[in-house]
Ligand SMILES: Cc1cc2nc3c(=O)[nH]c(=O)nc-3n(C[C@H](O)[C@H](O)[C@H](O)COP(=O)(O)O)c2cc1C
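Just the one chain here, laid out as structure tokens, in the form predicted alone.
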Amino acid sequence: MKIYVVYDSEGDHTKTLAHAIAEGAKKVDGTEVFLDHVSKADIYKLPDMDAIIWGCPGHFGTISSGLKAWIDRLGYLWAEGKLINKVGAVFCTTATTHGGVEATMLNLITPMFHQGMIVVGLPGNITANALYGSYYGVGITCPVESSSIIPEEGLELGRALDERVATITKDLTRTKYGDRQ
């Protein structure tokens, strides 16, 4: 089972979160994770993936221009139905508490629905999510004055998201791969 994590990051916040997300899948046997900055991410790899997670910093409540330009290149995949039934999830970071985390995640989810993907969020039974997160994916506020790059709760949510994506993808792809996983 293959999961592709694609991120845009101008500093280390979103990059650090992307790495935490990639760690989470390691808890699920048979998972292979690919992690690329959007500048190196290969859209031609997407049809071979079972799950795709993308994220970026929130820019005024929407997707960063780097990730948006990459997503805009997925038109041929949509035309050919190449991402239908792939599992998808999203994440983002912002510098302020009301910096548009959920608006950005909703904007990140929309292209996944257009592609026919199955979008996975985080449920409230994950303690850190009920107290700190969002149901749409992982949205982390990283105040500029904070001493750490990403709060531990954010890293915990990142690992939880990819573990959830890997578990659900494994269940959905069981018929595709048989019991090899």
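Bear in mind that the values here come from a model prediction, so they are computed numbers and not experimental data. Residue positions are given as counts along the sequence shown, with the first one as 1.
The form predicted in complex with the named molecule exists for this protein as well; it is not shown, and the discussion that follows is about that form.
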Practice prompt. Work out which of the listed stretches, 115-123, 45-53, 24-32, 59-67, brings a heavy atom within 4.5 angstroms of the named molecule in the predicted bound form.
Written response: 59-67
Discussion item. When the contact criterion is heavy atoms within 4.5 Å, does residue 99 count as touching the named molecule in the predicted bound form?
Written reply: yes
Fill in: 4.5 Å heavy atom contact, residue 171 and the named molecule in the predicted bound form
no
Worksheet entry | residue 77 within 4.5 Å of the named molecule in the predicted bound form, heavy atoms | no
Practice prompt. Tell me, yes or no, whether residue 13 is in contact with the named molecule in the predicted bound form, where a contact means a heavy atom of each within 4.5 Å.
Written response: yes
Discussion item. Heavy atom within 4.5 Å of the named molecule in the predicted bound form: which residues of 64-96 meet that condition, in order?
Written reply: 93, 94, 95, 96
